[in-house]
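As structure tokens, one chain now follows by itself in the form predicted alone.
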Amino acid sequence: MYLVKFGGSVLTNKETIKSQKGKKIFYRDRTARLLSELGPIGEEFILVHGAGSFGHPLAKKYKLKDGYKKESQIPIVAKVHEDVRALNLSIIRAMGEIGIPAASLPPSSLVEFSKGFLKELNTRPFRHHLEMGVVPVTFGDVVPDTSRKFGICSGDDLMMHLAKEFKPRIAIFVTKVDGIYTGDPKAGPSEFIPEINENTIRLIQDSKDDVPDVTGRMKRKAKMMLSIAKGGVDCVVLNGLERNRLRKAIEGRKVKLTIGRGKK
């Protein structure tokens, strides 16, 4: 089996939030194309997706990642739940339209945080659906936190813990860039990093753009890649905007990407 995460910036337009307050844009055609690169391969997989413009702006504005501070946050928690489920439903529908049976597994019912960190993930529903031939689909969400009332569980958090539990042959992060760079290639000179290890991870500097993101950027992703790789799973970051790059990576063909090699 394999594990794949569609980044929120691939599925939605997070940029609109800077100038068009509250507007949520879902890239339906792009999502359908990426899903088509998964379906015909004939191997079981788990899909994780980010929240993008459906989750990050409100979560950042009301500081949900830091847990409960005041009562006015509670309606916002409910609204974020509603919004990210709307995105998830769009993805589930898109999967059904191309013949991939899928089931939504909301983290708020499966995950428990403590002090801002993932403490427990119930994997039984994932295993049950895989045994039935149904693809489990989970996503970044607001989840219960035993010490802070609630917190933000990112898609990256889920990828790390699912990789530990299921030991897939590969874990794939689908983004808008070719892989990990030393800096933001749009902001100035930066060097592409083909392989993440203890030495190359020190070279990474995160960008300082103002697109809302409450779950960390590339340096955090690189650290998670390294953690997944240390558990024995090959972990890659690749560009989902390039047609068939995802399919080729799943098939083991050579494409441009950044890899963290699993320690066997």
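For every residue, the number given is its place in the sequence shown, counted from 1. It should be emphasised that the depicted structure is a prediction, and the values quoted were computed from it without experimental measurement.
FYI, the form predicted together with a small molecule isn't displayed, but the following is about it.
Q: Go through 99-107, 138-146, 120-128, 176-184 and give me the stretch that gets within 4.5 Å of the small molecule in the predicted bound form, heavy atoms only.
A: Result of the contact check: 138-146.
Q: In the predicted bound form, does residue 51 have a heavy atom within 4.5 Å of the small molecule?
A: Close contact exists here: in the predicted bound form, residue 51 approaches the small molecule to within 4.5 Å, heavy atoms only.
Q: I'd like to know if residue 59 sits close to the small molecule in the predicted bound form, meaning any non-hydrogen atom pair within 4.5 angstroms.
A: Yes, residue 59 is a contact residue.
Q: At 4.5 Å between heavy atoms, is residue 7 in contact with the small molecule in the predicted bound form?
A: Judged by the heavy-atom cut-off of 4.5 Å, residue 7 is in contact with the small molecule in the predicted bound form.
Q: Any of the heavy atoms of residue 171 lying within 4.5 Å of the small molecule in the predicted bound form?
A: Close contact is absent here: in the predicted bound form, residue 171 is far from the small molecule, nothing within 4.5 Å, heavy atoms only.
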